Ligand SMILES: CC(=O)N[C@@H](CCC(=O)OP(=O)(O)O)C(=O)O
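Consider the single chain below, provided in structure tokens and representing the form predicted on its own.
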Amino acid sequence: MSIRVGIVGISGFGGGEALRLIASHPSFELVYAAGDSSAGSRLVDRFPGVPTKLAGLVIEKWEPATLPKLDVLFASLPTGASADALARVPKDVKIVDIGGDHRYVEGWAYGLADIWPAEIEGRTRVANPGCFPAATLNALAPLLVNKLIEPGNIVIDVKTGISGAGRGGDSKFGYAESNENLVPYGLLKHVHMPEIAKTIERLSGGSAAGLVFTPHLVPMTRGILATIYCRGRATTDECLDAARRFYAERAFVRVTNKPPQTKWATGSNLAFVSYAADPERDLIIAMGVVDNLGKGAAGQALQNANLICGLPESTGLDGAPVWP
């Protein structure tokens, strides 16, 4: 079965990662690529290592009115840039929005694929979670569902690689500024905070009013490590057991006894979670690791596309992480 797919925003990091994964997907056929700054060039001009079968595909100017016949469209555009245009895409084209415009928007499924796969199957409009939610919510979900922590007393400290900032060319993310540096940003108002809070409330049935979320940029290319401080009386083993039960049938979440590292997930759709608890101090530390371009973007987007197309969700995503 050949499923015709397209990518909008193919020159960005998320779009490029989607290209890499789709190129080896057994059922997806890339027939359309679009971008603004790269329009008119061939894929091989932008991605010299692209498979020969895709090398000559010309990147087109993004315009919904001129879309070819597609089954699935992946949109990898900056937050604020996709809502109007995607509203003009024909209804029979399934969309996975990797950007931020449709998270918790009516008519769009929130694509947290490892937690709510049944709510994604068969849908035509899916909003991919942000990269930080992908790391944090997979770690928190078993604790929240099992009432092991207080939903209103959670502090999230996250470290991310520079590719999470996108490929926009802002000089503050250049080598000289980022190398040998550690930068907090988006304090108190990060764009991912609302979806994290809403999902915490949905999983727990309580309020996330006390949520604190602080991201930091670290000098590495890819990867996210979330260290999450929670209030609860469970032991480490109880937290690990809850997570193993919760993810028993899930292909991509690995529950580990030792703290996870970002290298474990590089180039993959895997999410690693672990826990450390001190009941006497009413303290539980949850940890989550993903590749921000994999599970945090294009990997989960393909997982969601598999679900909406009726394919096994691991199709085309079984590759092992890159090591070292």
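Everything numeric here is computed off the predicted structure, so don't read it as measured data. Counting begins at 1, following the sequence as shown.
There is also a form predicted in complex with the ligand; it is not shown, and the following applies to it.
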| item | value |
| --- | --- |
| Stretch in contact, per heavy atom within 4.5 angstroms of the ligand in the predicted complex, of 239 to 247, 99 to 107, 196 to 204, 150 to 158 | 99 to 107 |
| The single option of 217, 228, 225, 115 touching the ligand in the predicted complex, heavy atom within 4.5 Å | 217 |
| Residue (of 124, 79, 178, 235) lying close to the ligand in the predicted complex, criterion heavy atoms within 4.5 Å | 79 |
| Contact test in the predicted complex: residue 131 vs the ligand, heavy atoms, 4.5 Å | yes |
| 4.5 Å heavy atom contact, residue 192 to the ligand in the predicted complex | yes |
